[in-house]
Ligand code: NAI
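Single chain ahead, written as structure tokens, the form predicted on its own.
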Amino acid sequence: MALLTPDDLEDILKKLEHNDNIIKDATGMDIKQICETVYGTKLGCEKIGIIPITAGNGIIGNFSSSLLAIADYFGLDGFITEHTDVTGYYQATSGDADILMMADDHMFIAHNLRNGKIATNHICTGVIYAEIASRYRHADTKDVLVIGLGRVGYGGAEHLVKKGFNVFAYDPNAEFLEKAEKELGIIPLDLDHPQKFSMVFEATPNSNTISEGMVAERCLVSTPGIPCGLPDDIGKRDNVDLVMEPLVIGVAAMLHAVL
């Protein structure tokens, strides 16, 4: 969670509504419907306990309040513990929370205390953003491009492979690329022979990772990355539908994953 800043979390619900409109136009479903389809679950009246964690670089400004706003947006009862860390954990469980949410520099989790299920943000974010890309209604092939094969990108690539897509992938880290090729059967992208894709899942912390010749005219780029990997000029020229939001979509997936 160290990449998020308070500025990233400003107006997150407005960002969600903007992206949800793009998702509905591009796929025919909103984010809640996509989560329900992927995980086979529906949100009910779960109580969400949000625990601020001080480890590492400390508490991210607006993070806990953003999670509370997300819980409220999806019709859930949420609360932020008065105390942090272990004392906060005790307070959340004593407050009859059904699901706990907490994050440090390395891991952001949701833990359902009723059924024991735990979901991590990096896997859920990878899966849901990859799923959004895969549902692009204007795509006419099963070819999809994954850029970035770290924790988020690998999870998304694995999800796409299981769905039967032809997954082309690129990562400047040769070990990541070889691992995904060996374990998942992805097709390494040949940068010397450009191929245009209608469905792109980008999962890196870098800007301008999407270059000339990678995207088809009228395509969907789905990315949780900060900053955005799609250059503005390419996005405008090729009429790209861009889904990019820093927190809510991944959290929605986490909540559905632990039900």
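Values in this document were obtained by computation on a predicted structure and should not be read as measured data. Quick note: we count residues from 1 along the sequence shown, nothing fancier.
The same protein also has a form predicted together with the ligand, omitted here; what follows describes it.
- Mapping the unseen interface onto this chain, Gly95 falls outside it, with no heavy atom inside 4.5 Å of the ligand in the predicted bound form.
- By the criterion of a heavy atom within 4.5 Å, Phe176 is counted among the residues contacting the ligand in the predicted bound form.
- Taking the partner from the other structure, the ligand in the predicted bound form has no heavy atom within 4.5 Å of any heavy atom of Leu68.
- Interface residue remark: Asn121 is counted as part of the site for the ligand in the predicted bound form, having a heavy atom within 4.5 Å.
- Annotation: in the predicted bound form, residues Leu149, Pro205 and Pro224 each come within 4.5 Å of the ligand through at least one heavy atom.
- Residue-level contacts in the predicted bound form: of Tyr170, Tyr89, Phe165, Tyr136, one residue has a heavy atom within 4.5 Å of the ligand, and it is Tyr170.
- You can rule out all but one of 27-35, 224-232, 192-200, 41-49: in the predicted bound form, only 224-232 has residues with a heavy atom within 4.5 Å of the ligand.
- Taking the ligand as positioned in the predicted bound form, none of the residues of 42-76 brings a heavy atom within 4.5 Å of it.
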